[in-house]
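The chain below stands alone and is given as structure tokens, in the form predicted on its own.
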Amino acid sequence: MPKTIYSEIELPEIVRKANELANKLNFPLMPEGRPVGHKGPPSACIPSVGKLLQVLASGKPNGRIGEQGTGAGVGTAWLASGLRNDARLISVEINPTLATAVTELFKDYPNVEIKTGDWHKVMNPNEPYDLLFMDAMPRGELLNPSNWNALVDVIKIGGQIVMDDLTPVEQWLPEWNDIVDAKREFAFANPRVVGVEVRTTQTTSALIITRTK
């Protein structure tokens, strides 16, 4: 029998508190990941993605970490659990009720800042990030190839972007076969980055994208 540490994901205390907050706010928790074709409201960061964020944030000591789409703060909590040395986390949420609640959650974390507003407007492109979790779907035009440079410039050379909530291609529904997946196009056809897709559950995957030039 394999050891439990091989399969179980231990939740840091701040993540447990964020899960409790999500329940209070009626923000959906779907720890097993979204089923294929799910069309419900946004859900909180799942543990397997959270652990990925923790690992990546841990690799950016003294770094500038960003999150687009705070939600109920679950992904924020995973990122915060990985902060090392003087690393800072800036998370942006457009819903003022959620932003206020998560600000209270992190009141004792001076290296975590929650900003209220549209991240397209709030995040300063002149202050690039070492790691950016894109947990709010960018406006369609931002992932258009003509705007790839503007998005790449948000991170430093060697910095990384994480996008989640993708359905593995082999599980696509028949009606999706002719669509262009803007996230995958950005990760795999962009000459300024390298990207890899990693499975997070049986029905979901995420992209890790590193700026190279």
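Bear in mind the structure is a predicted one, so any value in this text is a computation, not a measurement. Start at 1 with the first residue shown and count on from there.
Note that the form predicted in complex with a small molecule isn't included here; everything after this is about it.
- With the small molecule left out of view, the stretch that reaches within 4.5 Å of it through heavy atoms in the model of the complex is, among 152 to 160, 166 to 174, 180 to 188, 62 to 70, 62 to 70.
- Contact with the small molecule in the model of the complex, defined as a heavy atom within 4.5 Å, holds for exactly one of D118, E104, E127, E113, namely D118.
- With the partner omitted here, the residue from P31, P42, G37, P145 that has a non-hydrogen atom within 4.5 angstroms of the small molecule in the model of the complex is P42.
- The shortest heavy atom separation between N95 and the small molecule in the model of the complex is within 4.5 Å.
- The closest heavy atom approach of A136 to the small molecule in the model of the complex falls within 4.5 Å.
- Contact annotation: G82 falls outside 4.5 Å of the small molecule in the model of the complex, judged by heavy atom distances.
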